[in-house]
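Single chain ahead, by itself, as structure tokens, in the form predicted on its own.
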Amino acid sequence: MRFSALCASALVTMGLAASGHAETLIVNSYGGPYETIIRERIIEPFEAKFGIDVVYDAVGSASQDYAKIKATNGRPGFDVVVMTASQSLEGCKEGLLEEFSPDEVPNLVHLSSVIAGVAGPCGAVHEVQYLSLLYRKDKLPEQPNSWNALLDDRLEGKIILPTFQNVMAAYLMEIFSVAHGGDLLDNVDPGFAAMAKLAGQSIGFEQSSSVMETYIKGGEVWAMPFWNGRAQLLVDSGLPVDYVLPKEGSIPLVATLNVPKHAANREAALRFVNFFLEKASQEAWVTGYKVGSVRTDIDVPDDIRARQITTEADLKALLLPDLAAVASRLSAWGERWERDVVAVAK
């Protein structure tokens, strides 16, 4: 009987291998347009190359996914997850995420150290967006080129702001702080003062980016801060909107691939991470999802390169706060946001 069972098991294994689908990998990320693009540009080519079936899990935001990793002590039920540099740093510190090395993920050596280092050893940076100023072209005859344009009298009652639960709020406050003589961490009084003025201009606050965009789609809002990748999707949809990287600069949203410490399919997960960082994969992702890359050797059309972060010079021009230091201040900043910013909103 033992011989028969072993033979049967071997036959199953051989059969799976022959069919090219001997392994399964669970990838957790976002739904909507993101899911459509990642399936077409990354997952299907990965499955074809390695014969690994990918089960896509679109449940949860980055913060919710990290909460699940934390609650299960690194066994959340998925093998690869898309989060941000902030979760990567925290997960690494708490020993809940795998540390990557070039021995197991060779394409790490092709990432620019300017941004890759921001995410720490547990985050493989596969995408970078920047906080842009999104505006209605049919309402504002001139393209704004400064964050201060949001304070223009013409935009009174025509902008919307994120709640502090959306990291966009902290980044916007820091950008205004630098633009008004402060800095990114220790002297943010100018940032909060500017945000209080902006609150007086706004119609309110929303946590979700997907909800925020409904206001500008409907024309109720004429300008607002927004991640440039999602802004580009709105431009591509045909809406009368456009976006700019204002002259004072911007802070990037650094997206990372992560592997929970006790992922069931660790080897396949590392293959997926490395595959996503390949030059051809990065080119496919940048041209499909319209975001930036920290691989500066990619070849993409000029119109995409002109609007995305794709060069070493682009990366060096970004404002880069110490994310660990930012995390330590978020609680106090959040209380101050409610007291000094939300309280003055109309």
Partner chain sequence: MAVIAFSTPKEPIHTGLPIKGFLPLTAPSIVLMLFFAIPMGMMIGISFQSQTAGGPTFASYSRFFSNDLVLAGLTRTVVMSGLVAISVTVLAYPLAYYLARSTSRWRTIIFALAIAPELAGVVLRTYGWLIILEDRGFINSALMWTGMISEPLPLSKNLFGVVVGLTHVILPFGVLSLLTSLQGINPNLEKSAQILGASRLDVIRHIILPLSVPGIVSSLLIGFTMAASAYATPALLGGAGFKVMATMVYEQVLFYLDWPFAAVMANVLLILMLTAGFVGSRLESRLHQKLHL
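What you are looking at is a predicted structure, and each value in this text was computed from that prediction instead of being measured. Positions refer to the first chain, counted from 1.
Below, we refer to the form predicted together with its partner chain, which is not included among the displayed structures.
- Picking from 214-222, 149-157, 266-274, 174-182 the stretch near its partner chain in the model of the complex, with a 4.5 Å limit on heavy atoms, gives 214-222.
- The three marked residues, E283, T296 and R305, fail to reach its partner chain in the model of the complex, with no heavy atom of any inside 4.5 Å.
- The listed set E98, D242, E127, E206 contains one residue whose heavy atoms approach its partner chain in the model of the complex to within 4.5 Å, identified as E206.
- Only one of the listed residues (A317, A67, L320, V59) places a non-hydrogen atom within 4.5 angstroms of its partner chain in the model of the complex, and that residue is A67.
- In the model of the complex, A324 stays away from its partner chain, with no heavy atom inside 4.5 Å.
- Under a 4.5 angstroms non-hydrogen atom cutoff, its partner chain in the model of the complex lacks W227 among its neighbouring residues.
- A residue is said to contact a partner when one of its heavy atoms sits within 4.5 Å of a partner heavy atom; N187 fails this definition for its partner chain in the model of the complex, lying far away.
- Residue contact check for E338: one or more of its heavy atoms lie within 4.5 Å of its partner chain in the model of the complex.
- Along 272-310, a non-hydrogen atom within 4.5 Å of its partner chain in the model of the complex is carried by no residue at all.
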